[in-house]
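Okay, so here's just one chain, in C-alpha coordinates, the form predicted on its own.
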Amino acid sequence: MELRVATDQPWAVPADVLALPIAGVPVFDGPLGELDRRSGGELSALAAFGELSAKRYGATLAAAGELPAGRILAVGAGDADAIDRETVVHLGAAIVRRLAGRPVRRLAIWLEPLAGRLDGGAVAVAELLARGVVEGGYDPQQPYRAERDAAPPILDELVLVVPGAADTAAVSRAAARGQVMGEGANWARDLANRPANEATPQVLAEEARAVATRHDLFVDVIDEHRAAELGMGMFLAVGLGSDNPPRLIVIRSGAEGERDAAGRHLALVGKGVCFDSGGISLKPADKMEEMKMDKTGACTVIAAAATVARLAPGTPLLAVAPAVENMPGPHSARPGDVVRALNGRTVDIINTDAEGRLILGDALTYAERLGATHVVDVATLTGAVARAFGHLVSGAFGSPQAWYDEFAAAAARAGERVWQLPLEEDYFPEMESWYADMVNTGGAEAGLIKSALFLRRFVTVPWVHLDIAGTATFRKATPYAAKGATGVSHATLVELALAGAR
(Lines give C-alpha, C1' and ligand atoms only; values in the text may rest on other atoms or scores of the structure.)
Protein backbone atom coordinates (compact mmCIF):
# COMPACT_ATOMS: atom_id res chain seq x y z
CA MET A 1 0.00 0.00 0.00
CA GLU A 2 1.39 3.39 -1.00
CA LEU A 3 0.97 6.36 1.32
CA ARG A 4 0.41 9.90 0.10
CA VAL A 5 -0.22 13.18 1.90
CA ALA A 6 -2.60 15.61 0.14
CA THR A 7 -2.59 19.25 1.24
CA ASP A 8 -5.71 20.14 -0.77
CA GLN A 9 -9.12 20.54 0.78
CA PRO A 10 -11.00 17.22 1.08
CA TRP A 11 -13.49 18.22 -1.62
CA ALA A 12 -10.60 18.43 -4.13
CA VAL A 13 -9.06 14.98 -3.53
CA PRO A 14 -9.91 12.18 -5.99
CA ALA A 15 -10.50 8.76 -4.39
CA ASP A 16 -12.73 5.72 -4.57
CA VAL A 17 -13.91 6.63 -1.06
CA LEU A 18 -13.40 9.77 1.02
CA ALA A 19 -13.67 9.01 4.75
CA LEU A 20 -14.90 11.80 7.01
CA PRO A 21 -14.47 11.38 10.79
CA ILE A 22 -17.41 12.88 12.67
CA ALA A 23 -16.39 14.19 16.11
CA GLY A 24 -19.37 15.02 18.28
CA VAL A 25 -22.73 16.08 16.91
CA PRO A 26 -22.20 17.05 13.25
CA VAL A 27 -22.53 20.77 12.55
CA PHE A 28 -22.70 21.63 8.88
CA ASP A 29 -20.64 24.76 8.73
CA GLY A 30 -17.02 25.36 7.74
CA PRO A 31 -15.35 22.53 5.79
CA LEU A 32 -18.01 19.98 6.75
CA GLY A 33 -20.66 22.36 5.49
CA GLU A 34 -18.81 22.74 2.19
CA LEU A 35 -18.53 18.96 1.86
CA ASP A 36 -22.26 18.69 2.50
CA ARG A 37 -23.03 21.36 -0.11
CA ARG A 38 -20.90 19.63 -2.74
CA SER A 39 -22.52 16.30 -1.95
CA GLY A 40 -25.89 17.83 -2.75
CA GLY A 41 -26.92 18.02 0.92
CA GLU A 42 -26.52 14.27 1.33
CA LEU A 43 -24.73 14.49 4.67
CA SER A 44 -27.16 16.86 6.36
CA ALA A 45 -30.10 14.84 5.01
CA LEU A 46 -28.66 11.66 6.50
CA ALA A 47 -28.08 13.46 9.83
CA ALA A 48 -31.67 14.72 9.87
CA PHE A 49 -32.90 11.19 9.19
CA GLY A 50 -30.83 9.89 12.14
CA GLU A 51 -28.54 7.89 9.88
CA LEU A 52 -25.40 9.93 10.53
CA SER A 53 -24.20 10.49 14.07
CA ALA A 54 -21.03 10.61 16.15
CA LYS A 55 -21.64 7.17 17.65
CA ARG A 56 -18.15 5.72 17.94
CA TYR A 57 -17.19 3.59 14.92
CA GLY A 58 -20.68 3.85 13.45
CA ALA A 59 -20.25 4.28 9.69
CA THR A 60 -22.53 5.48 6.89
CA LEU A 61 -21.87 5.38 3.14
CA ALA A 62 -23.27 8.30 1.20
CA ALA A 63 -23.44 9.53 -2.38
CA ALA A 64 -20.63 11.93 -3.26
CA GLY A 65 -22.56 14.34 -5.48
CA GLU A 66 -20.06 16.71 -7.16
CA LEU A 67 -17.10 15.51 -5.10
CA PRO A 68 -14.26 13.73 -6.99
CA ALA A 69 -14.74 10.65 -4.81
CA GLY A 70 -16.86 7.63 -5.69
CA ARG A 71 -18.49 7.56 -2.25
CA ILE A 72 -18.33 9.36 1.08
CA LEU A 73 -17.89 7.33 4.26
CA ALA A 74 -18.85 9.20 7.43
CA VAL A 75 -17.45 7.48 10.54
CA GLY A 76 -18.28 8.45 14.11
CA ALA A 77 -15.38 9.25 16.45
CA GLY A 78 -17.58 9.60 19.52
CA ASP A 79 -17.53 12.50 21.98
CA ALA A 80 -15.07 15.06 20.62
CA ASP A 81 -13.56 15.64 24.07
CA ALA A 82 -12.99 11.89 24.60
CA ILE A 83 -10.95 11.25 21.44
CA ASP A 84 -7.64 9.61 22.34
CA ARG A 85 -4.92 7.63 20.60
CA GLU A 86 -6.79 4.33 20.93
CA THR A 87 -9.87 5.88 19.32
CA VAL A 88 -7.87 7.06 16.32
CA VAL A 89 -6.25 3.65 15.72
CA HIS A 90 -9.61 1.92 15.93
CA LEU A 91 -11.20 4.56 13.74
CA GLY A 92 -8.71 3.81 10.96
CA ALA A 93 -9.46 0.11 11.31
CA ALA A 94 -13.24 0.68 11.37
CA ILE A 95 -13.03 2.70 8.14
CA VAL A 96 -11.41 -0.07 6.14
CA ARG A 97 -13.57 -2.79 7.69
CA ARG A 98 -16.74 -0.91 6.80
CA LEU A 99 -15.63 -1.10 3.17
CA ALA A 100 -15.37 -4.90 3.21
CA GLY A 101 -16.56 -6.43 -0.04
CA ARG A 102 -16.36 -3.12 -1.90
CA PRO A 103 -14.04 -2.49 -4.87
CA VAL A 104 -11.94 0.18 -3.15
CA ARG A 105 -8.32 0.72 -4.23
CA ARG A 106 -7.73 4.36 -3.28
CA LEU A 107 -8.94 5.50 0.12
CA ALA A 108 -8.67 9.11 1.31
CA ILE A 109 -9.16 10.11 4.95
CA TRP A 110 -9.67 13.70 6.12
CA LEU A 111 -7.51 14.25 9.22
CA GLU A 112 -8.65 17.73 10.32
CA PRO A 113 -11.52 16.70 12.66
CA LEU A 114 -9.08 14.52 14.63
CA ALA A 115 -5.86 16.53 14.42
CA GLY A 116 -7.21 19.34 16.57
CA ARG A 117 -8.21 16.89 19.29
CA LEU A 118 -4.96 14.98 19.80
CA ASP A 119 -1.55 16.00 21.11
CA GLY A 120 0.84 15.89 18.19
CA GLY A 121 -1.79 17.08 15.74
CA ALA A 122 -1.77 15.79 12.18
CA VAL A 123 1.54 13.98 12.61
CA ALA A 124 0.23 11.84 15.46
CA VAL A 125 -3.10 11.24 13.73
CA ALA A 126 -1.38 10.19 10.49
CA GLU A 127 0.64 7.51 12.27
CA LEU A 128 -2.28 6.14 14.22
CA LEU A 129 -4.72 6.16 11.30
CA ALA A 130 -2.24 4.44 8.97
CA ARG A 131 -1.62 1.78 11.58
CA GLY A 132 -5.36 1.34 12.08
CA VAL A 133 -6.03 0.99 8.36
CA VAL A 134 -3.38 -1.74 8.09
CA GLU A 135 -4.68 -3.60 11.15
CA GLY A 136 -8.29 -3.21 10.02
CA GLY A 137 -7.41 -4.79 6.68
CA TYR A 138 -6.28 -8.00 8.38
CA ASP A 139 -8.24 -11.05 7.25
CA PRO A 140 -7.70 -14.23 9.32
CA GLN A 141 -9.61 -16.36 6.78
CA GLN A 142 -7.19 -15.59 3.95
CA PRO A 143 -4.83 -18.58 4.44
CA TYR A 144 -7.67 -21.11 4.62
CA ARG A 145 -10.51 -19.96 2.36
CA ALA A 146 -10.17 -19.32 -1.36
CA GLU A 147 -13.52 -17.52 -1.42
CA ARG A 148 -14.40 -15.20 1.42
CA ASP A 149 -17.53 -13.17 1.99
CA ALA A 150 -16.92 -9.45 2.41
CA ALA A 151 -13.15 -9.48 2.88
CA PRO A 152 -11.58 -6.07 3.66
CA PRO A 153 -10.41 -4.27 0.51
CA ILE A 154 -6.76 -4.50 -0.52
CA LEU A 155 -5.73 -0.87 -0.94
CA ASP A 156 -3.28 0.36 -3.53
CA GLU A 157 -3.11 3.84 -2.02
CA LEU A 158 -4.00 5.56 1.25
CA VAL A 159 -4.30 9.33 0.93
CA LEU A 160 -4.10 11.36 4.13
CA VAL A 161 -5.82 14.69 3.58
CA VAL A 162 -4.20 17.48 5.60
CA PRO A 163 -5.24 20.83 4.09
CA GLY A 164 -2.42 23.38 4.14
CA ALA A 165 0.03 21.12 6.00
CA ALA A 166 3.36 22.89 6.46
CA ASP A 167 5.47 19.78 7.03
CA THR A 168 4.21 17.05 4.74
CA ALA A 169 7.49 15.14 5.19
CA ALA A 170 6.83 14.73 8.92
CA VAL A 171 3.28 13.55 8.24
CA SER A 172 4.56 11.08 5.65
CA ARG A 173 7.22 9.71 7.98
CA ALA A 174 4.68 9.28 10.76
CA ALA A 175 2.26 7.45 8.45
CA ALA A 176 5.05 5.15 7.25
CA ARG A 177 5.91 4.35 10.88
CA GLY A 178 2.29 3.51 11.56
CA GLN A 179 2.16 1.26 8.52
CA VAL A 180 5.19 -0.71 9.74
CA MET A 181 3.66 -0.98 13.22
CA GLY A 182 0.42 -2.32 11.75
CA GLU A 183 2.22 -4.84 9.57
CA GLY A 184 4.13 -6.15 12.59
CA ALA A 185 0.93 -6.58 14.59
CA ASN A 186 -0.68 -8.43 11.69
CA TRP A 187 2.30 -10.80 11.42
CA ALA A 188 1.92 -11.62 15.12
CA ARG A 189 -1.82 -12.21 14.55
CA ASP A 190 -1.11 -14.53 11.64
CA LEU A 191 1.20 -16.67 13.73
CA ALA A 192 -1.06 -16.64 16.80
CA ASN A 193 -4.08 -17.70 14.72
CA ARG A 194 -2.30 -20.68 13.16
CA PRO A 195 -3.62 -24.03 14.41
CA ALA A 196 -1.46 -26.28 16.54
CA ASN A 197 -0.94 -28.80 13.72
CA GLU A 198 0.73 -26.02 11.71
CA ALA A 199 2.53 -24.19 14.51
CA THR A 200 4.52 -26.57 16.70
CA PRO A 201 7.42 -25.31 18.84
CA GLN A 202 9.80 -26.24 16.01
CA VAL A 203 7.72 -24.30 13.47
CA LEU A 204 7.70 -21.29 15.78
CA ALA A 205 11.50 -21.55 15.97
CA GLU A 206 11.73 -21.73 12.16
CA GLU A 207 9.55 -18.65 11.82
CA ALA A 208 11.82 -16.84 14.28
CA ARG A 209 14.90 -17.86 12.28
CA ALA A 210 13.31 -16.52 9.11
CA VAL A 211 12.48 -13.21 10.80
CA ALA A 212 16.01 -12.92 12.18
CA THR A 213 17.53 -13.62 8.76
CA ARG A 214 15.35 -10.97 7.09
CA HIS A 215 16.36 -8.31 9.58
CA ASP A 216 19.96 -9.30 10.26
CA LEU A 217 19.33 -10.32 13.89
CA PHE A 218 21.11 -12.90 16.00
CA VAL A 219 19.03 -16.01 16.70
CA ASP A 220 19.57 -19.02 18.93
CA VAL A 221 17.21 -21.96 19.41
CA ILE A 222 17.75 -24.12 22.49
CA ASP A 223 16.45 -27.67 22.12
CA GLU A 224 15.42 -30.04 24.90
CA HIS A 225 18.95 -31.45 25.28
CA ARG A 226 20.62 -28.06 25.79
CA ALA A 227 17.78 -27.01 28.07
CA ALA A 228 18.45 -30.08 30.23
CA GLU A 229 22.17 -29.30 30.36
CA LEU A 230 21.41 -25.74 31.41
CA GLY A 231 19.01 -26.92 34.13
CA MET A 232 15.69 -25.58 32.84
CA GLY A 233 13.57 -27.99 34.86
CA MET A 234 10.33 -25.97 34.75
CA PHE A 235 10.49 -25.36 31.00
CA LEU A 236 11.15 -29.03 30.28
CA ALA A 237 8.44 -30.27 32.64
CA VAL A 238 5.71 -28.60 30.59
CA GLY A 239 6.81 -30.11 27.28
CA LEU A 240 7.33 -33.70 28.47
CA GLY A 241 3.94 -35.00 27.38
CA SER A 242 4.16 -33.99 23.72
CA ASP A 243 5.80 -35.67 20.74
CA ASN A 244 6.73 -32.15 19.60
CA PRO A 245 9.71 -31.22 21.79
CA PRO A 246 10.09 -27.76 23.33
CA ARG A 247 12.22 -24.95 21.92
CA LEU A 248 13.53 -21.85 23.68
CA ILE A 249 13.88 -19.12 21.07
CA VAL A 250 16.26 -16.18 21.52
CA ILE A 251 16.45 -13.22 19.11
CA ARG A 252 18.88 -10.38 19.71
CA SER A 253 19.52 -7.03 18.09
CA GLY A 254 22.86 -5.41 18.84
CA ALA A 255 25.82 -6.93 20.66
CA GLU A 256 25.52 -9.26 23.64
CA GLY A 257 24.75 -7.17 26.70
CA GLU A 258 24.81 -3.89 24.74
CA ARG A 259 22.88 -1.03 26.35
CA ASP A 260 20.47 1.19 24.43
CA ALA A 261 20.32 4.99 24.57
CA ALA A 262 18.23 4.73 27.76
CA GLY A 263 20.93 2.62 29.44
CA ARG A 264 18.95 -0.63 29.18
CA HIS A 265 19.47 -4.07 27.75
CA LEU A 266 15.75 -4.65 27.34
CA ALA A 267 14.35 -8.18 27.13
CA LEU A 268 10.85 -9.04 25.91
CA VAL A 269 9.77 -12.50 27.09
CA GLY A 270 6.68 -14.12 25.59
CA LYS A 271 4.75 -17.23 26.59
CA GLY A 272 4.66 -19.70 23.69
CA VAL A 273 2.37 -22.61 24.57
CA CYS A 274 1.56 -23.76 21.03
CA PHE A 275 -1.30 -25.82 22.38
CA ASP A 276 -2.50 -26.06 25.96
CA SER A 277 -4.62 -29.09 26.79
CA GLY A 278 -3.92 -28.54 30.48
CA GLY A 279 -1.72 -31.65 30.57
CA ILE A 280 -2.69 -34.24 33.19
CA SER A 281 -4.90 -31.53 34.77
CA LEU A 282 -6.97 -31.66 31.58
CA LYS A 283 -9.08 -28.67 30.57
CA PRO A 284 -12.81 -28.98 29.78
CA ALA A 285 -13.53 -29.70 26.12
CA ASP A 286 -15.63 -26.55 25.70
CA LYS A 287 -13.56 -23.93 23.86
CA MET A 288 -10.37 -25.99 24.11
CA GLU A 289 -9.82 -25.22 20.41
CA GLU A 290 -8.96 -21.67 21.48
CA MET A 291 -5.87 -22.97 23.24
CA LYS A 292 -3.91 -22.66 19.99
CA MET A 293 -3.86 -18.97 21.00
CA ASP A 294 -1.78 -19.69 24.11
CA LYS A 295 1.34 -18.93 22.07
CA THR A 296 0.33 -15.30 21.48
CA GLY A 297 2.91 -13.82 23.84
CA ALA A 298 5.75 -15.54 22.00
CA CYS A 299 4.39 -14.49 18.60
CA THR A 300 4.13 -10.91 19.84
CA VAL A 301 7.67 -10.53 21.18
CA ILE A 302 9.15 -12.06 18.01
CA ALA A 303 7.08 -9.67 15.88
CA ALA A 304 8.05 -6.72 18.10
CA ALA A 305 11.74 -7.48 17.65
CA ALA A 306 11.26 -7.50 13.87
CA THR A 307 9.31 -4.22 13.92
CA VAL A 308 11.96 -2.49 16.02
CA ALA A 309 14.61 -3.73 13.58
CA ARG A 310 12.65 -2.18 10.69
CA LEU A 311 12.14 1.17 12.42
CA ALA A 312 15.47 1.55 14.25
CA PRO A 313 18.01 -1.06 13.08
CA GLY A 314 20.66 -1.94 15.61
CA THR A 315 18.66 -0.94 18.69
CA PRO A 316 19.82 -3.29 21.48
CA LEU A 317 16.97 -5.68 22.29
CA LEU A 318 16.36 -9.27 23.36
CA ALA A 319 13.29 -11.36 22.59
CA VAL A 320 13.00 -14.67 24.45
CA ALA A 321 10.17 -17.05 23.57
CA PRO A 322 9.81 -20.39 25.38
CA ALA A 323 7.75 -22.61 23.05
CA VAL A 324 6.12 -25.86 24.22
CA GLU A 325 3.02 -28.01 23.87
CA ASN A 326 1.26 -28.89 27.12
CA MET A 327 -0.18 -32.36 26.47
CA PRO A 328 -1.12 -35.46 28.48
CA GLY A 329 1.12 -38.40 27.64
CA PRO A 330 3.25 -41.18 29.11
CA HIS A 331 6.02 -38.73 30.02
CA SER A 332 3.87 -35.80 31.18
CA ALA A 333 4.56 -33.98 34.39
CA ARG A 334 2.12 -35.09 37.09
CA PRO A 335 0.51 -33.16 39.92
CA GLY A 336 2.89 -33.55 42.82
CA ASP A 337 6.06 -33.66 40.72
CA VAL A 338 8.86 -31.46 42.04
CA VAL A 339 11.17 -29.78 39.52
CA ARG A 340 14.21 -27.54 39.86
CA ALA A 341 14.15 -24.21 38.03
CA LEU A 342 17.09 -22.66 36.21
CA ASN A 343 17.70 -20.31 39.13
CA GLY A 344 17.85 -23.26 41.57
CA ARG A 345 14.43 -22.90 43.19
CA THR A 346 12.30 -26.02 43.52
CA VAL A 347 8.65 -26.03 42.48
CA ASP A 348 5.92 -28.49 43.46
CA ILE A 349 3.65 -28.77 40.40
CA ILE A 350 0.21 -29.21 41.90
CA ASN A 351 -1.66 -28.25 38.72
CA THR A 352 -0.18 -28.95 35.28
CA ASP A 353 -2.57 -26.40 33.77
CA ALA A 354 -0.66 -23.61 35.52
CA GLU A 355 2.08 -24.16 32.96
CA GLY A 356 2.71 -20.70 31.55
CA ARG A 357 4.40 -19.43 34.69
CA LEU A 358 6.72 -22.44 34.67
CA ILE A 359 8.12 -21.80 31.20
CA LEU A 360 8.23 -18.04 31.78
CA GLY A 361 10.15 -18.46 35.04
CA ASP A 362 13.05 -20.23 33.34
CA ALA A 363 12.90 -17.83 30.38
CA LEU A 364 13.10 -14.81 32.69
CA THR A 365 16.14 -16.26 34.45
CA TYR A 366 17.79 -17.00 31.12
CA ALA A 367 17.11 -13.47 29.83
CA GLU A 368 18.99 -12.09 32.83
CA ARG A 369 21.87 -14.49 32.16
CA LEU A 370 22.04 -13.03 28.66
CA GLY A 371 22.49 -9.57 30.16
CA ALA A 372 18.96 -8.19 30.43
CA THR A 373 18.77 -5.19 32.74
CA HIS A 374 15.03 -4.56 32.22
CA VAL A 375 12.37 -7.14 31.37
CA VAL A 376 8.77 -7.24 30.20
CA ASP A 377 6.96 -10.57 29.96
CA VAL A 378 3.77 -10.96 27.95
CA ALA A 379 1.49 -13.94 28.44
CA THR A 380 -2.01 -15.30 28.05
CA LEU A 381 -1.59 -16.43 31.62
CA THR A 382 -4.84 -16.51 33.60
CA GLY A 383 -8.58 -16.69 33.10
CA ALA A 384 -8.79 -14.41 36.12
CA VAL A 385 -7.62 -11.37 34.16
CA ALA A 386 -10.41 -11.83 31.61
CA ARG A 387 -12.99 -12.17 34.36
CA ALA A 388 -11.68 -9.00 36.00
CA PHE A 389 -11.19 -6.76 32.95
CA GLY A 390 -12.90 -8.42 29.99
CA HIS A 391 -11.52 -8.28 26.46
CA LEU A 392 -10.54 -4.60 26.30
CA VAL A 393 -8.07 -4.06 29.17
CA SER A 394 -4.87 -6.00 29.92
CA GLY A 395 -3.76 -6.53 33.52
CA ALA A 396 -0.23 -5.55 34.48
CA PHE A 397 2.19 -5.75 37.39
CA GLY A 398 5.56 -4.10 37.75
CA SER A 399 8.49 -3.43 40.04
CA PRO A 400 9.97 -0.92 40.71
CA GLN A 401 7.24 1.62 40.08
CA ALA A 402 9.47 3.84 37.93
CA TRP A 403 9.95 0.99 35.43
CA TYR A 404 6.24 0.24 35.37
CA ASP A 405 5.58 3.93 34.70
CA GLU A 406 7.88 3.81 31.64
CA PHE A 407 5.96 0.80 30.39
CA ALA A 408 2.60 2.50 31.01
CA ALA A 409 3.78 5.58 29.11
CA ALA A 410 4.67 3.34 26.14
CA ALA A 411 1.19 1.77 26.30
CA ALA A 412 -0.36 5.25 26.27
CA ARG A 413 1.67 6.20 23.19
CA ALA A 414 0.53 2.97 21.55
CA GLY A 415 -3.12 3.62 22.38
CA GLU A 416 -3.47 0.39 24.37
CA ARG A 417 -5.28 -0.02 27.69
CA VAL A 418 -3.49 -1.54 30.68
CA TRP A 419 -4.39 -1.53 34.36
CA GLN A 420 -1.85 -1.95 37.14
CA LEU A 421 -2.51 -4.46 39.92
CA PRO A 422 -0.73 -4.75 43.27
CA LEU A 423 2.11 -7.18 43.97
CA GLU A 424 0.79 -7.97 47.44
CA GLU A 425 3.43 -10.21 49.04
CA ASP A 426 1.15 -11.23 51.92
CA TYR A 427 -0.53 -13.65 49.50
CA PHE A 428 2.65 -15.59 48.79
CA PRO A 429 2.60 -17.79 51.94
CA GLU A 430 -0.45 -19.50 50.37
CA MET A 431 1.94 -20.76 47.67
CA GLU A 432 4.38 -22.44 50.03
CA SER A 433 4.94 -26.19 49.63
CA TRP A 434 5.61 -28.94 52.17
CA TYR A 435 8.27 -30.40 49.86
CA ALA A 436 9.65 -27.60 47.69
CA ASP A 437 10.26 -23.87 47.79
CA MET A 438 6.77 -23.22 46.43
CA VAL A 439 3.81 -24.62 44.52
CA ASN A 440 2.90 -23.41 41.04
CA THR A 441 -0.58 -22.20 41.95
CA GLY A 442 -2.22 -21.04 45.14
CA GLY A 443 -5.98 -21.33 44.64
CA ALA A 444 -8.57 -19.11 43.01
CA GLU A 445 -8.61 -16.29 45.55
CA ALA A 446 -6.28 -13.54 44.29
CA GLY A 447 -5.10 -15.99 41.65
CA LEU A 448 -4.14 -13.19 39.29
CA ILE A 449 -1.86 -11.63 41.91
CA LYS A 450 -0.39 -15.00 42.90
CA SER A 451 0.57 -15.72 39.29
CA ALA A 452 2.63 -12.52 39.25
CA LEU A 453 4.16 -13.27 42.66
CA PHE A 454 5.30 -16.63 41.31
CA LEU A 455 7.03 -14.99 38.34
CA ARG A 456 8.64 -12.40 40.59
CA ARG A 457 10.73 -15.21 42.15
CA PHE A 458 12.58 -15.62 38.83
CA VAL A 459 13.59 -12.05 38.08
CA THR A 460 15.91 -9.68 39.94
CA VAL A 461 15.96 -6.70 37.56
CA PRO A 462 13.22 -4.13 36.85
CA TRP A 463 10.31 -6.14 35.50
CA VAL A 464 6.76 -5.82 34.15
CA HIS A 465 4.33 -8.71 33.75
CA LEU A 466 1.50 -8.18 31.24
CA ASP A 467 -1.39 -10.66 31.26
CA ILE A 468 -3.20 -10.56 27.90
CA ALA A 469 -5.41 -13.61 28.39
CA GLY A 470 -8.52 -11.45 27.96
CA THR A 471 -7.30 -9.09 25.25
CA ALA A 472 -5.23 -11.36 22.96
CA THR A 473 -8.30 -12.78 21.20
CA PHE A 474 -11.73 -11.53 20.20
CA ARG A 475 -14.39 -14.24 20.19
CA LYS A 476 -16.52 -12.18 17.83
CA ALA A 477 -15.76 -9.45 15.33
CA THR A 478 -15.95 -5.78 16.32
CA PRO A 479 -16.33 -2.75 14.02
CA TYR A 480 -12.53 -2.43 14.05
CA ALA A 481 -11.20 -6.00 14.31
CA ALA A 482 -11.83 -9.48 13.01
CA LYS A 483 -12.54 -12.43 15.24
CA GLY A 484 -9.35 -14.09 16.48
CA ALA A 485 -5.94 -12.74 17.47
CA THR A 486 -5.87 -8.97 18.08
CA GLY A 487 -2.14 -8.15 18.03
CA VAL A 488 -2.49 -6.55 21.45
CA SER A 489 0.71 -5.29 23.17
CA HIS A 490 2.80 -5.38 19.98
CA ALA A 491 2.67 -1.58 19.64
CA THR A 492 3.36 -1.09 23.34
CA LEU A 493 6.47 -3.27 23.24
CA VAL A 494 7.73 -1.50 20.13
CA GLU A 495 7.19 1.91 21.67
CA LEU A 496 9.00 0.81 24.83
CA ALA A 497 11.98 -0.48 22.85
CA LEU A 498 12.13 2.58 20.58
CA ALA A 499 12.38 4.80 23.65
CA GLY A 500 15.97 3.53 23.74
CA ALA A 501 16.73 3.98 20.03
CA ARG A 502 19.72 6.12 19.23
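None of the values given here were measured: they were computed from a predicted structure. Numbering starts at 1 and follows the sequence shown.
Just so it is clear, the following notes concern the form predicted together with a small molecule, a form of the same protein that is not shown.
Q: So, residue 307 and the small molecule: in the model of the complex, are they within 4.5 Å at any heavy atom pair?
A: No.
Q: Could you tell me if residue 464 has a non-hydrogen atom within 4.5 Å of the small molecule in the model of the complex?
A: Residue 464: no contact with the small molecule in the model of the complex.
Q: Is residue 362 a contact residue for the small molecule in the model of the complex, using a 4.5 Å heavy atom cut-off?
A: Outside the cut-off, so no.
Q: Closest heavy atom of residue 181 to the small molecule in the model of the complex, within 4.5 Å or not?
A: No, residue 181 is distant from the partner.
Q: Of 80, 291, 176, 338, which residue is found within 4.5 angstroms of the small molecule in the model of the complex when only non-hydrogen atoms are counted?
A: For this set of options, the contacting one is 291.
Q: Given that the small molecule is left out here, which of 208, 381, 320, 418 has a heavy atom within 4.5 Å of it in the model of the complex?
A: Looking at the other structure, the residue within range turns out to be 381.
Q: Looking at heavy atoms inside 4.5 Å, which stretch does the small molecule contact in the model of the complex, given the options 209 to 217, 157 to 165, 121 to 129, 347 to 355?
A: Among the candidates, contact is made by 347 to 355.
Q: I have 253, 490 and 495 flagged as a candidate spot, so tell me whether each of them has a non-hydrogen atom within 4.5 Å of the small molecule in the model of the complex.
A: Checking in the model of the complex: none of 253, 490 and 495 is within 4.5 Å of the small molecule.
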